[in-house]
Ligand SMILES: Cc1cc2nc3c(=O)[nH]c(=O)nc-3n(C[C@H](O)[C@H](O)[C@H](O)COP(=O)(O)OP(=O)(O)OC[C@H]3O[C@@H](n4cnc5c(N)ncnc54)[C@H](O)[C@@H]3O)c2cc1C
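Before any questions on binding or motion, here is one chain by itself as structure tokens, the form predicted alone.
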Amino acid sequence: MPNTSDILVIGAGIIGVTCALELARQGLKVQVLDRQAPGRGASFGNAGHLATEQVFPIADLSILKRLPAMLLDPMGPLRLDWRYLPRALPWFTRLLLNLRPAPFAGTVEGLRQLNQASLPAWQRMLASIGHSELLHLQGSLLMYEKPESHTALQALQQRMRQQQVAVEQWRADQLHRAAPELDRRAQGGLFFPETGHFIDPYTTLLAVVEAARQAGVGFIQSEVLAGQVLADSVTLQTAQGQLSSRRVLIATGAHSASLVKSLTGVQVPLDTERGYHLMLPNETGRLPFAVTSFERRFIMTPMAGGLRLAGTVEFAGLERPPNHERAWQLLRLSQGLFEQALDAEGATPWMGFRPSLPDSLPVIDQACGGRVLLAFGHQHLGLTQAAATAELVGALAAGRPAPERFRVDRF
């Protein structure tokens, strides 16, 4: 293994590899280290939605009313494993404190800033590597089925317009003209014209990896065992030997907390939203854009390899095995949404760890006098915000300060 570099990126998910490419283009010697092959973690199976419209945290004060259902319903859209409750309580306490008006407004502002930068950042990155075709910009739809949901969606539309989110209210006839396969009982929805979807998130990541390799980035598959920040470098002990670099970037998603603590002494309140998907390989051409069900609380994204059903949130930590019944529950949720039932033959379930901080904002910052850069905690917006995060990390590496809302010392 080459044992010297300007920056060693720890983590080969979509955040890590986009940052590596950006840093290499600054003329830096970059290596990427991960215990898995690039993109085999959460970046492999995300929903593929470029979710720039999602400027509000995943939770609001109604989470208190939903807590009993979260504990008792193993198939619910928001699930808290009762065995994980003692470990999760401090994180949930912080989450509730962040729902007070002032911090909540700060979260919304931070998400809005980063999301507004995300689409143009991805357009620049994909154009620069010759793969603009990987991102389809036909918008996305939040549909509803029950007439009584109309008032709630009107209120949501108003809130989004206040945050400068482009949104249109669609009647049932507009919805069915655009997505004729959806069941005729659909009432309408909110259409977001400035969003889109990736036709395959993993293929997108591999395209970025290939561009990074061509820019001189080296990739090492090994596990970090220990590390130390020195006056002029950072050394890491890995399963394959010692690595040394002038700086490191920690971009290991839901697995970042222990490494941040080890290298910097900073303890971040990072937890994981376990997300599931079910991939239906025979369902191509069913939808023109990503569609989210308001009442059923999951998303359906058309991809080159079929239709991906994704969503739901499960808090059960990093150690418990996946509950793939939650992935199959997505198929049951789809029943009645289409004129003809979806074809589930050959369907494959998947689970990944979304890195979540209690204020729903990522950490994009530096520590130890700039020896350690940080980029993690993007919750369910990692793919959306990756290219914009890479540009911010590039600015950090060039000596510009971190955006205040994303600093690690906010905790």
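Just count from 1 along the sequence shown to find any residue number. The structure displayed is predicted, hence computed values, not measured ones.
FYI, the form predicted together with the named molecule isn't displayed, but the following is about it.
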{"item": "V224, heavy atom within 4.5 angstroms of the named molecule in the predicted complex", "value": "yes"}
{"item": "Partner proximity in the predicted complex: Q36 to the named molecule, non-hydrogen atom cutoff 4.5 Å", "value": "yes"}
{"item": "The named molecule contact in the predicted complex: A47, any heavy atom under 4.5 Å", "value": "yes"}
{"item": "G382 within 4.5 Å of the named molecule in the predicted complex, heavy atoms", "value": "yes"}
{"item": "Listed residue that, although the named molecule is not shown, lies within 4.5 Å of it in the predicted complex (heavy atoms), from M300, A251, A212, L141", "value": "A251"}
{"item": "Complete contact of Y84, G317 and P362 with the named molecule in the predicted complex (any heavy atom, 4.5 Å)", "value": "no"}
{"item": "Listed range touching the named molecule, judged in the predicted complex by heavy atoms within 4.5 Å, from 47 to 55, 365 to 373, 23 to 31, 61 to 69", "value": "47 to 55"}
{"item": "Within 259 to 296, the residues that have a heavy atom no more than 4.5 Å from the named molecule in the predicted complex", "value": "L259, G275, Y276"}
